Ligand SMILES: Cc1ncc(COP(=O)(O)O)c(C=O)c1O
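Have a look below at one chain only, the form predicted alone, in structure tokens format.
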Amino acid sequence: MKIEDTFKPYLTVKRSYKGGKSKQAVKANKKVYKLSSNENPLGTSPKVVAAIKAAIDDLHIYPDRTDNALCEALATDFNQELAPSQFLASNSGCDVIEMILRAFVNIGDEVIISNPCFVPYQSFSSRLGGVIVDVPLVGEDYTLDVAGIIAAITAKTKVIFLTSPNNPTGSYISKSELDTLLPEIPKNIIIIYDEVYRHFADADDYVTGVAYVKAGYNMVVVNSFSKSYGLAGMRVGYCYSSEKIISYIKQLSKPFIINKLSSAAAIAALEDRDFINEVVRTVHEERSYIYAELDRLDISYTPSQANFYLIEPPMAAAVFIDHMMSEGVMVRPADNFGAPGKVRISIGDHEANLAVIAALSSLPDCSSSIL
């Protein structure tokens, strides 16, 4: 008998999440633009930094053991459409996703995902003994296969992941698609609706999960402070749902789960709407600039509703990534997300995006397109 014989077989997950490298890890001897992790192009709100500094005193004292203060701030941010008791906050969007899965998934339960997608949907579910059912996104624009998801539902289905906008494709789920799909999902199934990139979406038929939660669907909607709020280093995320579902999931929440600095930062971030508006404006403007340049260089890309875009480089992805790094631009391979051969690039500030276009323009297949 060996210790390995006591290991749980479903913990040997082959596909796991691999975060993007840091600037320090690449050890570059030149300026590097990190566009591999979808981070905020403008950094962090000065008001948030001030709030963190003000909260530094008394770090030897425990913070509030609950997430109540942040949930009250979230209810205000959502214009009181949801009550504070309909929110749950924790240590990042990933932590929230894992908590939801722990609350609902047992060994043998089926979890529907749609590749390409965020890797933790699969890896976290598998680690709980869940069985992954993949209903891939379809077409060049990575559209949700509504009929395919409905057909894939069985008596063993416990969770369905929906993401809008989706990572790594930037595609989104339209209101009409949700209105068609949701009534067909049995009432005993949980829908995890990931809208982490919602602030950047501007499509006329884009919708958040608020109306569907209010309508009574078993939807748990995941959000994060890492992207539009520029707090990736603070690790704060949250979800909202019905009071009944949130109360149930909170049984898994640990006391003092959100540290004092993270809580102060998140609350201050919600209050600084001018900063969020400037971030969104920057992403929209730069997204349009990038598209025009990609069209000029004849580089294939997927239109995005997020703060990143997916391209198909005119060479092997690994060679392309090395080339971009040699030009001081860090980008992300998308094969681990289920999009082999594709590369995801975050939208930076204009200086960073100029560096991207310069690096792309120096590719052998693009040099003839330089104006």
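Predicted model only: the values in this text are computed from it and were never measured. A residue's number is simply how far along the shown sequence it sits, counting from 1.
Heads up, the form predicted together with the ligand isn't pictured, but that's what we're talking about next.
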Position in contact with the ligand when the complex is considered in the model of the complex, options Ser226, Asn259, Ser85, Thr157, heavy atoms within 4.5 Å
Ser226
So the ligand isn't shown here. In the model of the complex, which residue out of Arg235, Arg287, Arg127, His199 has a non-hydrogen atom within 4.5 Å of it?
Arg235
Three residues, Ser92, Thr163 and Asn167; all within 4.5 Å of the ligand in the model of the complex via heavy atoms?
yes
Given that the partner is absent here, state which listed stretch (129-137, 294-302, 116-124, 170-178) has heavy atoms within 4.5 Å of the ligand in the model of the complex.
116-124
Using a 4.5 angstroms cut-off on non-hydrogen atoms, would Ile97 count as touching the ligand in the model of the complex?
yes
Any residue of 129-151 with a heavy atom within 4.5 Å of the ligand in the model of the complex counts; write them all down in order.
none
